[in-house]
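The form predicted alone is given below as one chain in structure tokens.
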Amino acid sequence: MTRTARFFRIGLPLTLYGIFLLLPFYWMLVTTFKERQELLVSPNPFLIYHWTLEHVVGLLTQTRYLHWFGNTLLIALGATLLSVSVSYITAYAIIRLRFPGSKPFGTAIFLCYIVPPAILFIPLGEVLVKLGWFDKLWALIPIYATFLVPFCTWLLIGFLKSIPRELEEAGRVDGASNLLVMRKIILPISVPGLITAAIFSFTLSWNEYLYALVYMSSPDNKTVSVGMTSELISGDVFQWGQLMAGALIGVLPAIVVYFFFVEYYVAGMAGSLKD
């Protein structure tokens, strides 16, 4: 294959796909640092002629964005820790303990993941009211776990299948119990899979909107997604500069997580997809 043919078959499609993926982020960047007047009237909407930080400064000083950011970070970390812990124990029990009905139970867990969250928010709301958890910020942690645990369990089931049973058998020969084998032998090997599940859990929790909107009514309990749409949009007036600044800052945690753990993420996905 010549270099020109290779470019048109591989290089050009990848380039176009990369532009398609990065265009929204570029648009957020451009809108964040444009002057207000230039946002309304500009000879080229894809270029910045007059740079400014007024949108970023206004977002951080005139709104409660930092408070929303802290709420979102707290909920995302808590939901990730809870979901990954429960999913690891559940996946290990399904794959290794082989209790009666373990295979149908594993399938049922995955089927729970594909149930749309919009169907569940009404019955979940009744449960929260009866428990007295309505408008409690920490209540979002177990709520998010309802849709995170099924997916993480399915992911870890595939990863644990790739771990040789001989490692556990060697531990049991030395007198280790199931709990000790799970903690001392399987857990260190499962780090790539656990990190993969944690990345998915963190990003899904960070971007969740419906439950945070319906179950949290107090201004102190708003997350980033809910706070920006409720405070920066008034009728038909959109604060585009601050909205894009908030979206740009809001994606930074996910970018940092992917940047530092991308190798574990790839290894975990490869392990979970093995037969």
Partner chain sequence: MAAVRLESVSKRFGKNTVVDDVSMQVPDREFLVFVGPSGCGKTTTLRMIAGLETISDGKIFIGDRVVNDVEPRDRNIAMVFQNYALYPHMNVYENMAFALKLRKMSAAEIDRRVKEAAEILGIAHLLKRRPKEMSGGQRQRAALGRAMVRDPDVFLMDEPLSNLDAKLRVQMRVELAQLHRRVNTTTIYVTHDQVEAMTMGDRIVVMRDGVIQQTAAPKELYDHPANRFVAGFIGSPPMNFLAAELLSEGEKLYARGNGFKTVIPAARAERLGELPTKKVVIGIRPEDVRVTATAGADSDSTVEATVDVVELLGAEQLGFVIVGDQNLTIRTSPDVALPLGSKVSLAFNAAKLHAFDPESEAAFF
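Bear in mind that the values here come from a model prediction, so they are computed numbers and not experimental data. Residue numbers count along the first chain shown, from 1.
Form predicted together with the partner chain: not shown, discussed below.
Between the options L82, I199, I95, I185, the residue in contact with the partner chain in the predicted complex by a heavy atom within 4.5 angstroms is I185. Proximity to the partner chain in the predicted complex, defined as a heavy atom within 4.5 Å, singles out one entry of V127, V86, L74, L180, which is L180. Heavy atoms within 4.5 Å of the partner chain in the predicted complex belong, among the stretches 138-146, 187-195, 201-209, 151-159, to residues of 187-195. Not displayed here, the partner chain is kept clear of A118 by more than 4.5 Å at the level of heavy atoms in the predicted complex. Put simply, C112 is far from the partner chain in the predicted complex: not one heavy atom of it is within 4.5 Å.
The closest heavy atom approach of L131 to the partner chain in the predicted complex falls outside 4.5 Å. Among heavy atoms of I122, none comes within 4.5 Å of the partner chain in the predicted complex.
Contacts between stretch 154-169 and the partner chain, counted in the predicted complex as any heavy atom lying within 4.5 Å, involve P164, E166, L167, E169, listed in sequence order.
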